[in-house]
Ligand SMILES: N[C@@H](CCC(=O)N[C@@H](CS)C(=O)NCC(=O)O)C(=O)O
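A lone chain, given as structure tokens: the form predicted on its own.
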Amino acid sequence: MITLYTSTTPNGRKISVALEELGIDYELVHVDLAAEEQLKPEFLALNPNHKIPVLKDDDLVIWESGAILLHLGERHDPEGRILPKDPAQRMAAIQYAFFQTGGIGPNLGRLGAALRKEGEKNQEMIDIFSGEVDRLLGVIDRILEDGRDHLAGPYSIGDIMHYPWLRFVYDLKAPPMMTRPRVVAWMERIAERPAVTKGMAIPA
């Protein structure tokens, strides 16, 4: 039995998208971050870092979204739907998953925090993180310039890792994305997948 502890964040939605892609039955536990349920002893027993998502797969408990996706791909993906079976494509998918955790995720997170800061904002920090997001979108654009449909070639955890974070950039029609047609088309290909639509709406 799989249980997903999650909330309405990009990292949480990575996992619900993956589970929907794999067609796996799972139990959903909505962790209310505003109520600080992630700091309660019962949640800390699952993840001492008090972050969602957490996946419980029978007796195995996994936290960190990239690790969860890798686990799902290795244990529950015999057809290679999210983790390709071809060795080169598999490693590319893992590579782009790591690229997200060190790139788009932290930089968009810090940019959002700087923009939400009450009172006088630190324009230097906003400029730094905005510039890095722009640079990283340029990297994605270069990856896609050979005509591939997705980062690793086939759809994979590399795309799943990026999409929930970049979705709000797309929705805002922010110039760093909208001036890169290849990146926009890639986002739209991902958005058209039924499992992505369903996974992005979890938890409701």
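The first residue of the shown sequence is 1; numbering continues from there. Every value quoted in this text rests on a predicted model; they were computed, and no experiment measured them.
In what follows, reference is made to the form predicted in complex with this ligand, a form of this protein that is not presented.
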Indicate whether residue 52 is a 4.5 Å heavy atom neighbour of this ligand in the predicted complex.
yes
Does this ligand get within 4.5 angstroms of any non-hydrogen atom of residue 70 in the predicted complex?
no
Given that the partner is absent here, does residue 65 sit within 4.5 Å of this ligand in the predicted complex, heavy atoms only?
yes
Contact of residue 16 with this ligand in the predicted complex (heavy atom, 4.5 Å)
no
Options 149-157, 136-144, 173-181, 43-51; stretch whose heavy atom lies within 4.5 Å of this ligand in the predicted complex:
43-51
Heavy atom within 4.5 Å of this ligand in the predicted complex: which residues of 5-41 meet that condition, in order?
9, 11, 14, 33, 38
